[in-house]
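The chain below stands alone and is given as structure tokens, in the form predicted on its own.
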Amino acid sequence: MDKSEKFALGLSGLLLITFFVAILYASVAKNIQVPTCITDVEPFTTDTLFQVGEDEYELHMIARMWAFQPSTVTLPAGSTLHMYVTSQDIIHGFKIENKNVNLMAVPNSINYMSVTFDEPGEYFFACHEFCGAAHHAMAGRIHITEDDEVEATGGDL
């Protein structure tokens, strides 16, 4: 092995270790969650929003051409939302604006992520994977209110 190959191999190993340490630091020290794929649960066929604890909600979201079900979710401020996202047709993306949430909605699998909404306001979400002619219209919103209103509606264009 010549000098340039050793250098490339050493640099690759150093970068691998650096990235592993960065992910470990983000996970442990900063409590940043990495999206999770759940493979031991059958994908659901209906969207559901239900309360699982005080200020804690679980959402089963289904991506379909070209809509999310539900397309509008209303929760009180301070709520933690546990999202389970799946698709019934093709691969879709799911990104919430101004939040660290970016999931893939993949047929026959469920992706999970949890997010807390501390501030009242509108949080828009959209599909970020091109999925066909009406991809640009595949969006929705999470409305965070100051009162205790909870609701999940919509899903069709």
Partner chain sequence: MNQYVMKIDKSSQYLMAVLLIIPMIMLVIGVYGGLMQTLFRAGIVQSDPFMGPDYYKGLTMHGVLNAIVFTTFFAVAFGNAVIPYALKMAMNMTWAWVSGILMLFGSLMAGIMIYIGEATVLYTFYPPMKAHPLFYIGLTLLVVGSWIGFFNWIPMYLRWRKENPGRKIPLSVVGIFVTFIVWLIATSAVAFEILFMLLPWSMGLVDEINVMLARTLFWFFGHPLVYFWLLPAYVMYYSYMSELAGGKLYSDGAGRLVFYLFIIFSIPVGTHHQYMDPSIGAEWKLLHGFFTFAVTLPSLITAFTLAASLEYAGRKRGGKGLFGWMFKLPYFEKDRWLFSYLITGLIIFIFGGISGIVNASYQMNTAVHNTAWVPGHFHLTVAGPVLLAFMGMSLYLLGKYLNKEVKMKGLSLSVPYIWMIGVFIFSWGMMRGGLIGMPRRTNTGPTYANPDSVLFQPEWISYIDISVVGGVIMTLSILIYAVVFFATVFSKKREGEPELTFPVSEAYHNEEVSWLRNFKPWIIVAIILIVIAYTPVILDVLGSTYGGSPRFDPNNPIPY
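Numbering follows the first chain given and starts at 1. We call the rigid core the largest set of C-alpha positions that still match within 1.5 Å between the two forms. Everything numeric here is computed off the predicted structure, so don't read it as measured data.
The form predicted together with the partner chain exists for this protein as well; it is not shown, and the discussion that follows is about that form.
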Fill in: Proximity of Ser12 to the partner chain in the predicted bound form, heavy atoms at 4.5 Å
yes
Item to complete: Answer yes if any heavy atom of Glu56 is within 4.5 Å of a heavy atom of the partner chain in the predicted bound form; otherwise answer no.
Response: no
Item to complete: Classify Phe50 as contacting or not contacting the partner chain in the predicted bound form by the rule of any non-hydrogen atom within 4.5 angstroms, answering yes or no.
Response: no
Discussion item. My question is simply whether Met138 lines the interface with the partner chain in the predicted bound form - judged by any non-hydrogen atom within 4.5 Å.
Written reply: yes
Discussion item. Within 4.5 Å of the partner chain in the predicted bound form, counting any non-hydrogen atom, which residues from 5 to 20 show up?
Written reply: Glu5, Ala8, Leu9, Ser12, Gly13, Leu15, Leu16, Phe19, Phe20
Worksheet entry | Leu9 C-alpha relocation of at least 2 Å between this form and the one not shown, rigid core basis | yes
Discussion item. Using a rigid core superposition, assess whether Ala22 undergoes a CA shift of 2 Å or more between this form and the one not shown.
Written reply: yes
